[in-house]
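Shown here is one chain on its own, the form predicted on its own, set out as structure tokens.
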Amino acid sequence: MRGSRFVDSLDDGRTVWHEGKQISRVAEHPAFKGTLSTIKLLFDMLDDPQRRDLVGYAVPEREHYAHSAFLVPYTHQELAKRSLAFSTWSAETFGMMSRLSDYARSIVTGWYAARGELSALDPHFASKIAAYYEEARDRDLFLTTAIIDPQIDRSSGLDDPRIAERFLHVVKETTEGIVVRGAKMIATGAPYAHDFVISSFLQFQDNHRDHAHVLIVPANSPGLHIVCRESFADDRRQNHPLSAKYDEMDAVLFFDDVLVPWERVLLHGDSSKVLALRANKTVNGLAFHQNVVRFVAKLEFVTGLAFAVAEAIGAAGFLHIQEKLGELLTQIDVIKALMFAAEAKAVPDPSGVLVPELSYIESARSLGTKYYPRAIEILQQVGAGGFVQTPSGVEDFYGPISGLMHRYFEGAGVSAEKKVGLFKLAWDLIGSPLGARHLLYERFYAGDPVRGLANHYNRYDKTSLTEPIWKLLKTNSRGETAPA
């Protein structure tokens, strides 16, 4: 089964650091073991004849089922197949794992799909991305991104030598490739990724050529250090059911003179070309589509939890609780509607690839930065003080005070044990370190939310909305009655 092959493949000499120690075998470390067991099961779906069509497709002329993130959609049926794969994996993980490789794989697929158009940026781009796309697809490579630069001094930029030397940059070119030095963040899923998709959110100037690049870097590259944050994993599954299985580790990458082979250097040394690649609609449409599909699953999970908590304590009949629960349903409907609209309004790019309408996707991503914090707030308000009244563990239900436990923790129509289990699940989402990480993640994973909304305005065809206004004023200025 390919899940086992995936886990075994991580023993490849990569350099992973956690709590000051280098991890020799990632798969056996408690910080990663639970998450890897989850990913293993997801990968195994592609080998299950009963489920593989939910997440994969048969690659023409090859005896291989690939994940549908690698499927280039030319029809609405193929676009729907991509969406089904994203929603299936997201439903299996309740939207709690946002970097299951399908996002970064979609970036690579977008580059491959638009390779004809993008060849204008570099004549070697098409052959490089085609070779890598096929390798990643056929070897089931787990990919993740690292596109943020380290937070050193946000008031300064690349013209400051202190910043320029620490942001990822080229220090040497050789016949084999380029040598890069610096740091990148935030690489979610880094310890168990095969390759990193490296770029930047920077607004480059022409003189920033050493910092302008798009790379695909193997995780086991000599000189590459994967420095993990504190683990939020907890193997006490009854008390921390989410933390035990879904802590997708985040990491900072240190590049200590890492050689990137020329075949993995997609763009380099031209700021305008890197910016043009970043703005490509085919790439962004296919990749950001996954973000929205995954977010629907997460909102449904939070909403289901809130419903269950309200019912368990007998509060579902109160009007102010119903108002809050109705608000959660509205969130789901709005994001779903934007997702459906993006798919329905998909139009072919110059090469015929069907690309979801990006404006609807961007709207959903922007709303998500506000919706998720509000959804968590509602869940907190519904359960209120009950969340800090749960016992330390289910062991008390079998100890000397078992009778009292069942008596005083009983819910409205649910047993005491079931109610406590429910509240522990909810607490893992709203009160644990994992839950706090998710709140922060949903606010900022798509970038600066203020800039995101501003960019939406800047890119919009504003004349379609302003021309009727000026037409109305012009009509009124002639003394004529404006149309109703």
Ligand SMILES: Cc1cc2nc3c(=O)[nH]c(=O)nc-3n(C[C@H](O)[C@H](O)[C@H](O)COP(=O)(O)OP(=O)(O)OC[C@H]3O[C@@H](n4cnc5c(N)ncnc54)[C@H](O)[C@@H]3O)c2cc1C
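Keep in mind that this is a model prediction, so the values were computed, not measured. The first residue of the sequence shown is number 1, and the count goes up from there.
Beyond the structure shown, there is the form predicted together with the ligand, which is absent from this document and is the topic of what follows.
Does any part of residue 154 reach within 4.5 Å of the ligand in the predicted complex? Heavy atoms only, please.
Within the cut-off, so yes.
Should residue 193 be classed as touching the ligand in the predicted complex when contacts are defined as heavy atoms within 4.5 Å?
No, residue 193 stays farther than 4.5 Å from the ligand in the predicted complex.
Answer yes if any heavy atom of residue 445 is within 4.5 Å of a heavy atom of the ligand in the predicted complex; otherwise answer no.
Output for residue 445 is yes: heavy atoms within 4.5 Å of the ligand.
Residue-level contact is defined here as any heavy atom of the residue lying within 4.5 Å of the ligand in the predicted complex; does residue 450 satisfy this criterion?
Yes.
Within 4.5 Å of the ligand in the predicted complex, do we find a heavy atom from each of 43, 88 and 294?
No, the whole trio is out of contact, none within 4.5 Å by any heavy atom.
Counting non-hydrogen atoms within 4.5 angstroms of the ligand in the predicted complex, say which of 52, 418, 437, 64 makes the cut.
If I apply the 4.5 Å criterion carefully, the residue I get is 437.
Only one of 93, 369, 239, 188 gets a heavy atom within 4.5 Å of the ligand in the predicted complex. Which one?
Result of the distance check: 188.
Work out which of the listed stretches, 159-167, 139-147, 353-361, 210-218, brings a heavy atom within 4.5 angstroms of the ligand in the predicted complex.
Of the stretches listed, the one contacting the partner is 139-147.
Output the sequence-ordered list of residues from 229-256 with at least one heavy atom within 4.5 Å of the ligand in the predicted complex.
Heavy-atom contacts within 4.5 Å come from 250 alone.
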